[in-house]
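So this one's two forms of a single chain, laid out as structure tokens and tagged structure 1 and structure 2.
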Structure 1
Amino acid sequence: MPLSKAPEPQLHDQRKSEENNHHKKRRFSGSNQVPPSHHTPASKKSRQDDSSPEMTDSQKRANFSALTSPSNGLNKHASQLVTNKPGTTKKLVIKNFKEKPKLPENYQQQTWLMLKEAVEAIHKKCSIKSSLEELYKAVENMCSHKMSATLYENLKTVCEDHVRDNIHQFLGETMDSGQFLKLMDTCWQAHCEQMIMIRSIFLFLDRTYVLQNSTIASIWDMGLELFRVYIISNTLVQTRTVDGLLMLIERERNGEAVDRLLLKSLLRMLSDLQIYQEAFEVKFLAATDRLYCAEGQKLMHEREVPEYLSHVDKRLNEETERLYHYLDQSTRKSLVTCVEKNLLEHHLTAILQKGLDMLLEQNRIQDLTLMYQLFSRVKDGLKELYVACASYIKKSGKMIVINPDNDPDKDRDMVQSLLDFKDRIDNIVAVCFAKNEKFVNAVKEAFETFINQRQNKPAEFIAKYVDSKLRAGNKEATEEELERLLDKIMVLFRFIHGKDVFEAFYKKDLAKRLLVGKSASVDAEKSMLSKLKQECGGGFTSKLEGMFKDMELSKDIMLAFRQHTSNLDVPGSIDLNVNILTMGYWPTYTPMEVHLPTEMVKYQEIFTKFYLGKHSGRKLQWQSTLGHCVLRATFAGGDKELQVSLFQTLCLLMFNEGHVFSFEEIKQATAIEDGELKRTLQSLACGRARVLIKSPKSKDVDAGDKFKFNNEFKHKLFRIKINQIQMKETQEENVSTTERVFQDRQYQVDAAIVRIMKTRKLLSHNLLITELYNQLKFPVKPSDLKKRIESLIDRDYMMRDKDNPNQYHYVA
């Protein structure tokens, strides 16, 4: 490029060339070809202005438009010469100088002295004599004339001397840690500002020479390297800096307020100097490890689990905040892992043993949520947590189910307690444990384990609980609430292994509800039936569905019977309603022969004749224990209707023939069994509605007691239901139901053994037992299986191997 101090002869030649180019340019000013412009000295320009005539505005505009032609190459102001005579335009050729401009002597030394003076002024924070533009131009000129290497080395030497001189201020022993850190920060900030200023002056050097030489550091990196070598690599300086930083962080961890901006600046300095990891991070993590190791052991003994978990969460948040404010992000993983390891991972078992049961028992939702969140951060934390939760569920559930004292109140409340317990645990899993699949499965496994530790009883009580909710008079819940309750009961039902026990008791209670008309809602009954069918299949509910069909068929039969009797002479003013029950569907009832009034016997014979006339080959067996009646009774205070059982009816009808009867007389007249008769008379003479008066007065009925009709009986209702006194869930009834279940199970075991042996032909004892456990859906002891095998051997369904007694052969 031409310099302002070029020799005079060269300038004269240049002016001649410029003149020629100028005349050519004026001559073809209308053309859309614009010759490149050259730098023209001011003296020549004024001479041209004097010699050329003044240009009009239109000429100026034409020249201007020629210089700014449209981008598509068309020009609205093209001259006639170009338009009419194409090809006559001459080409302009621009030639280089004949001789290359030479630099003045000692140019390099003078220029460097100027630049050095500027650099030293920056180091001393003084004003720079030369302008920044002049300095930048000087660097550019030196680089253009291959002085880059020398310039770079000179600059490095000046900077090196300055940085080396700065070390002395840090070697004094009088400063405390805080003053030292502030001085270090001040020195670092000043160094950075100086290097930025120097780089801006030497930017041309940085972008040409440095970029072209990969082995040479940029000016900024050179400055960092000098600071690293001469300042921070000094053992004393580095130690005092790092120890001071660690002391500040320790004070902050102890609750003191510290200068976070100072920390941030110095840690960024270490990071920029690329000694953050080796100089600071290793010591910082070691100090952190020592602090939290001691803190974790101390606080685990001193604090309760909720307080300890809150402290751990607080510490983790504090360290995350430090990472955000001043620590390098590369430290995040190591730092957080260190805190989690010392405050959580090393104390998982202790935390769970010390506080989990209490948190679950007291339903501490917030604390359990925090525990889940913290445990999810460490390895095997959630596994330890769900195993401990399952252990708590098994322990607490076992206390609900097992009743070593045979406390009837505890058994009565068992199902409601299980439902409440399940609701509480489900809420904890949903809210605190984020419905984690492993926790859901652990809860299922725990419930299934403890609920089957007491065989048969949970199934029985669940059936009775369903009965209490589906029975008429249960005004506790709306239909929607009842439906939700049935869904919850089905969850418990799924955990039970002995579902056949549930079926037996449920069938018995369903029969009572249907026959006595105590069912609260047919829709609720059918909803429960569909749930059982969906859970266990059609085979499980086929008998229960048959019971509903019998009730519907009975209604049709009674319609036909009433039409049949409308033309007959029916005895008395009796209205008879009969339910026809298929014996295979309904529970087994023990028939009881009693003495019925003549009118009732005659009515029964009419119905029997009618039914057998329509269904030949069938046998009817009347079940007096299930009958109930509505009697019209006349008292001094007016008439009443009494809703009573058949046995109560037989006792009350005797008082149409007399006023006082003894226990023996009633027994002889009705032929009701002793225990049943005592409960019947007790309900009539000792209950709430005392239509009979007993003497002597007492709560229990004994032989020799006398009974008199209570003519003065009063009640606010017209129709009064007098409930039969129930035995406390008659032991015989329970035993008979359970025995029937066991009998059915024996048949199922026998069928399974024969089915397996028929397929395998030859099988060892252990394999047969294993196969049976896979097929049977109810719990059974190995000793019971062995008895069934022996029974089948005795009945020639199978035989032992002569050489190996543990081998069985199927006998076709």
Structure 2
Amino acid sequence: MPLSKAPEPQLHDQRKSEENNHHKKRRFSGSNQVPPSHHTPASKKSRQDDSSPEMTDSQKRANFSALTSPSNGLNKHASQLVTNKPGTTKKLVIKNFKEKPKLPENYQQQTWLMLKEAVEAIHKKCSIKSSLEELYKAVENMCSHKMSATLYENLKTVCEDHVRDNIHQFLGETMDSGQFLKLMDTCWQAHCEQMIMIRSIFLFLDRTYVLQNSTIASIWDMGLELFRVYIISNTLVQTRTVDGLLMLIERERNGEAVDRLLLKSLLRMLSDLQIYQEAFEVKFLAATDRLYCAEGQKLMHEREVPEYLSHVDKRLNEETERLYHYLDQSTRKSLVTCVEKNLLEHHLTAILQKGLDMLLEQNRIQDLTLMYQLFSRVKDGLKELYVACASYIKKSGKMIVINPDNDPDKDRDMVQSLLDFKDRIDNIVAVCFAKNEKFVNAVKEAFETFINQRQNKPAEFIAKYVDSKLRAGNKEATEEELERLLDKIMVLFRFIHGKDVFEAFYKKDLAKRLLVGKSASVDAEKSMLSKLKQECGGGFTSKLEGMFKDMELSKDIMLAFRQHTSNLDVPGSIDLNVNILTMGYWPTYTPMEVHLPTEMVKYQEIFTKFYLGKHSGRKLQWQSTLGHCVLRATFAGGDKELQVSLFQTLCLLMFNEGHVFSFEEIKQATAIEDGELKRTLQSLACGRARVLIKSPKSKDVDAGDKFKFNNEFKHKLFRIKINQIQMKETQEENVSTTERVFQDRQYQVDAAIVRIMKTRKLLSHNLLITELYNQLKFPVKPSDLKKRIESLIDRDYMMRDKDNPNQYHYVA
């Protein structure tokens, strides 16, 4: 069983170390235990082995006593011990031989001749004449008679001659490298087998003489040394071997199947000969480097990124296989690094530039996962990857957010697109990027950057999006789905810098939902509110909460009012519902004076009296713009209920008195402002449900138009809701809401400046600006801050230092 055929390369090392252990045992404990037998080459030998240590021991002891006997001190000592024991009187005396036993003459030469014959027979691979036991004994005897050194030298010479002769077969010019390698392999295998056999015969020599002299190599090592010196150190042989190996590997890299066992055996040989590193590894790595450097450059150019990446992955796997099958493990690190460096590290930027955006765009989960895995192998790979991802997110996000043509469709879809985009990116981070914290943060940062690149609008659209989801009639989502959606929206909301814009629009929409009773579910509203509160604190939501409270209080008040009115004689059959809105909680509405029918006025008075009776000192202001009514109308086709706004009501009620009215007449009677009246009449006469007929017919209302009651009105429903036409109104509202936000911001800036100056008394301009940016939670331009500072200087809240214009003083 040749040693180098051991299935696992480690076994070789193990054996060595055990040999060392064994060595120690022998030296220090002098134990006569049988050494583990696995280093003995054949079982046949092991039987001999079993007996040999005992023999060695006994001989050693004999020698020892022979040496010490003349002084006899030990014996005396022993006898003393004996005499101490009572009842023992006999003495045992051991005497030396009278004559020393002699070796026959020529013993050395004869024995060596026998041994030499045997060794030569082994070398020539023919049968050995003498029995192995005899040979073993011969070695043992020679060693016992201090002939070890000579024996070792002789053995070495014989082996040397043999190995030296072996070189010739490798010097032939005509061999092709495959043949050469096979020949080398055969020669090496034979050498190993022979050396094992020789070692077994000369085991005693190996175990005594060699072990006792640290400078002398064991027989096995001597064999290796000889092979190294005479065969492999030959430049021609070595180059041919190594080149042959490299060529085989290259062929395998090019996809051919090669004899891996041959490779493995020869590489094992090189490591056994301890020239693996210098003779092979260096050249191998250089070749690898060259190959992959060229391949990287070529394929980067030729292939699409996903294909390139899978190629890199394939290459890495192949090299790992190579390590597993035949390369020495010590090469692992440098080989893998070499591949990573040439195929990945050098091309990081190029890969990212060329392919990342496309992969992200097309949501190529598998390719991205592979990219993440590969990039995580090289230094700074992940960093480059997440930086590139962030820049992609910024770029694509900006496309969603920025709307240069102010295309309303795009704006309307913005939030949905943002949510989809966020979902997609989150999914990629979770699946492909292993939820790496760096990536999560990069994504956050990128979203925050792009979403704020357009001021205020995203906040506004998010508010409106929430409104659309919370409004009644939105049947597309179950409660859990809605809840999840709100959570997602909160994530977007978190990125927004101008949260006050959001609040303003959200408040406006919330007011509408509450007043018109259009809120989809109170639970959803409350949940959204608590989310906002969690995110921005109680100060942010106190007004919104106030609105809810107002609605609840109003219900109670209405209950009390109904009781109150039941005892009174109330004119007409109107049912009045009033919502009391606390000023400041609700958006500001411009009051509009209109002429109400007397019944309504009367009713309002009753309520006012009732309310002020309960809460004296308060002021009630009726907001006619927010009112809405349900009217019963009688058409030729039957009775209908019309759900309309207060303004629509006023117009419609006129037709109780007459049949045709001109625009002017209606305007006179109702005192509704021009634009508002036009929109109102438009909704009644030009909308879907045309309860009035306008002449001349057209889409828009003009001052000269006339209106007639449409007695023929038909509708499949009993209760019909006629919407106010809102287009223009929202735009105005929008502008005013935004303006109000900006005004609020000015006050906040002023307050912050004064607050800072009050504590600091004296502060330089730059420090003040820095401090302001720390305190203010919405985006402001430095020039806006400067304007506020100047305004405060002008209003004597602070002053500029007389000598240093960069310093401000607080003016108490």
Partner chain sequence: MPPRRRRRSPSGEDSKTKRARVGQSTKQHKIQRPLAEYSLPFNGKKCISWFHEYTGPDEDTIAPEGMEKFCEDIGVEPENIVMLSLAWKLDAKNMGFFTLAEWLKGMSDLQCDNVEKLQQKLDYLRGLLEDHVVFKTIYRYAFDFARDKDQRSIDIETAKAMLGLLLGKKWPMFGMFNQFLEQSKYKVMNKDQWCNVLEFSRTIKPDLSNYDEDGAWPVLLDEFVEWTREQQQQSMG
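Note that the rigid core is defined as the largest set of C-alphas that superpose within 1.5 Å between two forms. Residue indices: 1-based, along structure 1. What you see is a predicted model; the values in this text were computed from it and never measured.
Which number goes with the form predicted in complex with the partner chain? Answer to the question: structure 2 is the form predicted in complex with the partner chain, whereas structure 1 comes from elsewhere.
Would you kindly verify whether residue 409 and residue 615 are assigned to a common rigid part between the two structures? Same rigid part: residue 409 and residue 615 move together between the two structures.
Any idea how many degrees the smaller rigid part twists against the larger between the two structures? Turning angle of the smaller rigid part: 5 degrees.
Please report, in Å, how much the Cα atom of residue 148 moves between the two structures when the rigid core is superposed. It moves 3.8 Å at the C-alpha.
Residue 135: CA movement between the two structures [superposed on rigid core, Å]: That residue's C-alpha is offset by 4.0 Å.
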